[in-house]
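So this first bit is one chain, no partners, the form predicted on its own, shown in structure tokens.
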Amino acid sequence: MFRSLEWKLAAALVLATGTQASAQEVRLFSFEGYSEPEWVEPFTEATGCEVSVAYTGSVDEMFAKMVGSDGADYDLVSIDTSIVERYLDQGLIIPFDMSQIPNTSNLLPSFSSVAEVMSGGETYGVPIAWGSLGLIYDKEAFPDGVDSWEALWSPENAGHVLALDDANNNVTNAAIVLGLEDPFNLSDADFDAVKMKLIEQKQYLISYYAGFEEGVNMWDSSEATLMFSMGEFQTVELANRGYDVVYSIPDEGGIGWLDTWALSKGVEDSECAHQWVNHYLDGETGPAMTAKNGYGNTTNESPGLDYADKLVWLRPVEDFDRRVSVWNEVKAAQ
């Protein structure tokens, strides 16, 4: 994460203060960009709750760590709507007490009633951010733009391509590129086609990357001109580093995601956890997140994010474990 030294030291102090900090503390396990000093510090001042953060590079890593600790290491996790069901099946999350989150009244209509976060009449995920996994390209290298994902499979671009190391999203995106009817419900033949497509791509890659920062750093230290991106935030950071890049959703379409805060079964400070979620929906935090990181937020309209009609919104998949297995086979292939 791109935080100041002071913020890193402050975070370290929070983690090191032992029982005093843990008396009022919310422990977040999230993707980068959801816990910036601009809204963490006002939250702590207003509530007295300290914030500690652990970042993840992929949905696979997050799930594995939650399973490994049975949720005991974290109070809140940022998970997208497609995997809420998976966390429920494993008993890793518990419902919110919505009476403690009055700021849900600020949610835009599109996010005020999301079926994927509900189960048995209870709310297991509160929507906070949306965006996409689009294509980033160097404007100088592609002055006419890039309108197809097939650019990531072109011999002309060999040695200039970065791709996200994420099982479900790679399988889904490859299915979109192949034009398969339902990228979330693949047949045996579909899985074979997706695996072959992803193995074919390997010869053109610089590398896979895990996490926003790693992807940007790899771009910075290589000859990358194309990237299967983790999202809009990477474009913002590359621009901050002086790169003239464009974020696009190619003609085939792209993956759209809706992230939520979910309450871990191992929550230790439920009050602070609920206060954090309520703070996120105060009508100021969302726009600040959008302005800094480029994500759409769920409380305010997001100017410039005008490609939602080209997105295929993430949904639960036919067999998540099979997707992980296929992805591991892709990475192991020569």
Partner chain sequence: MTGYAPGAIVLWAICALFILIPLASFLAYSFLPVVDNAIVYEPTLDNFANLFSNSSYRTTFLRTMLLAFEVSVFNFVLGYATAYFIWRRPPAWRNVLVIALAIPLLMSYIIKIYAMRGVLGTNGLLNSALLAFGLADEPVSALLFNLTAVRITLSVVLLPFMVLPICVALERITPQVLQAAADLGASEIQTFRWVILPLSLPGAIVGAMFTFVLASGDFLAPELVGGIEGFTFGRLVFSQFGLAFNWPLGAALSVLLLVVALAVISVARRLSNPRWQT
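Numbering follows the first chain given and starts at 1. Here the structure is a predicted model, which means the values were calculated and not measured.
We do not show the form predicted together with the partner chain, though everything after this point is about it.
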{"item": "4.5 Å heavy atom contact with the partner chain in the predicted bound form for all of 97, 110 and 182", "value": "no"}
{"item": "Heavy atom within 4.5 Å of the partner chain in the predicted bound form - the one residue of 48, 287, 304, 68 that qualifies", "value": "68"}
{"item": "Contact assignment for the partner chain in the predicted bound form, among 192, 251, 140, 220, heavy atom within 4.5 Å", "value": "220"}
{"item": "In the predicted bound form, segment of 199 to 207, 102 to 110, 168 to 176, 140 to 148 with a heavy atom within 4.5 Å of the partner chain", "value": "199 to 207"}
{"item": "Distance check, residue 214 to the partner chain in the predicted bound form, heavy atom within 4.5 Å", "value": "yes"}
{"item": "Residue 278 within 4.5 Å of the partner chain in the predicted bound form, heavy atoms", "value": "no"}
{"item": "Heavy atom of residue 312 within 4.5 Å of the partner chain in the predicted bound form", "value": "no"}
{"item": "The partner chain contact in the predicted bound form: residue 291, any heavy atom under 4.5 Å", "value": "no"}
{"item": "Stretch 60 to 98 - residues with a heavy atom within 4.5 Å of the partner chain in the predicted bound form", "value": "60, 61, 63, 64, 67, 68, 86, 90"}
